[in-house]
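Next comes just one chain, in structure tokens: the form predicted alone.
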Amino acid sequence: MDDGLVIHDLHRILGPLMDDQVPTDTVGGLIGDLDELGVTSCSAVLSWQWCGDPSGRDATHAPLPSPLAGWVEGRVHVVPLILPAAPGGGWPADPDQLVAAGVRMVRACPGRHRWSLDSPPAMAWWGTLADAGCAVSLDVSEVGFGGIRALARSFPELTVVALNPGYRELRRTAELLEAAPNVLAEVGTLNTSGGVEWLAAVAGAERLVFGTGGPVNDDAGATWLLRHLDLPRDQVERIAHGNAARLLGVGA
């Protein structure tokens, strides 16, 4: 596993999950998982935000970090999970809090948390985040290719990361990347022979990022696939960490 490849998993969940036996309920447990996979670092949303109310009202979540913690122990990058809504109905109170904290990427789950990508409050948020250079990651299986394409076209300065496109959706993923130059696609679920290589050929390796969705999705299989891509080393490095590093503003 010591192949010298630096890997950043752009899509993980940190914290306890129902019926989950993987010890990712603490930062130490998550880092242990990364070590087993040979993954250098990751970006993670907090499970209590993903599973329930992103605002965290009426609850404490020690020993998990704050949603605006940034980097934890140098290897875990906390991604705030936002809920754009009228004041008092979402989290945070307004997007300026994220900008002030220097957040470079947020996660949004409109289907899971019952709000609309194109609601008036959300549209105001997207403009603010785009102006600040803050990206947003969205699950394709939740909002659809059309939802991501519409958002990306409405805000061409906003970087949108399309998570979980799935190996059966290679054509639609390629069409999305062609239609919206500000979209990046996660490759962790493109677990089919030659799928990532084909997408890199038609869209460019600079449009692809590595993420697994672990521990909910298969992180071991996705990481194995990354290490065995039939691509030039420089393209593999871009997918494994270079594109994510530029997205997060930490250098390639």
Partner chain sequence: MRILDAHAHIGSWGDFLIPRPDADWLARILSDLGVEAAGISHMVGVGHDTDTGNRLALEAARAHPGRLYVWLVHSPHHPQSLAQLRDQLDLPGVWGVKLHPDTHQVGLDDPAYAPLFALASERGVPVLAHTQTDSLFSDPTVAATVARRWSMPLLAGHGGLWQYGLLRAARLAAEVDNLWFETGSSRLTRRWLARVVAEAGAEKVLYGSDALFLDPRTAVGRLLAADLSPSDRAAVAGGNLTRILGHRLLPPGGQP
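Numbering follows the first chain given and starts at 1. Small disclaimer: the values here were computed from a predicted structure and weren't measured.
Keep in mind the form predicted together with its partner chain is missing from the figure; the text below concerns it.
Using heavy atoms only and a 4.5 Å cut-off, decide whether all three of 33, 193 and 229 touch its partner chain in the model of the complex.
All three within 4.5 Å in the model of the complex.
Using a 4.5 Å heavy atom cut-off, which stretch among 98 to 106, 121 to 129, 160 to 168, 147 to 155 contacts its partner chain in the model of the complex?
This holds for exactly one stretch, 160 to 168.
Can you pick the one in 216, 203, 69, 51 that has a heavy atom within 4.5 Å of its partner chain in the model of the complex?
When its partner chain is considered in the model of the complex, the option within 4.5 Å is 216.
Using the partner position in the model of the complex, report whether residue 221 sits within 4.5 Å of its partner chain, counting heavy atoms only.
Taking the distances in the model of the complex, the answer for residue 221 is yes, it comes within 4.5 Å of its partner chain.
Touches its partner chain in the model of the complex: residue 27 (any heavy atom, 4.5 Å)
Contact check for residue 27: no, nothing within 4.5 Å of its partner chain in the model of the complex.
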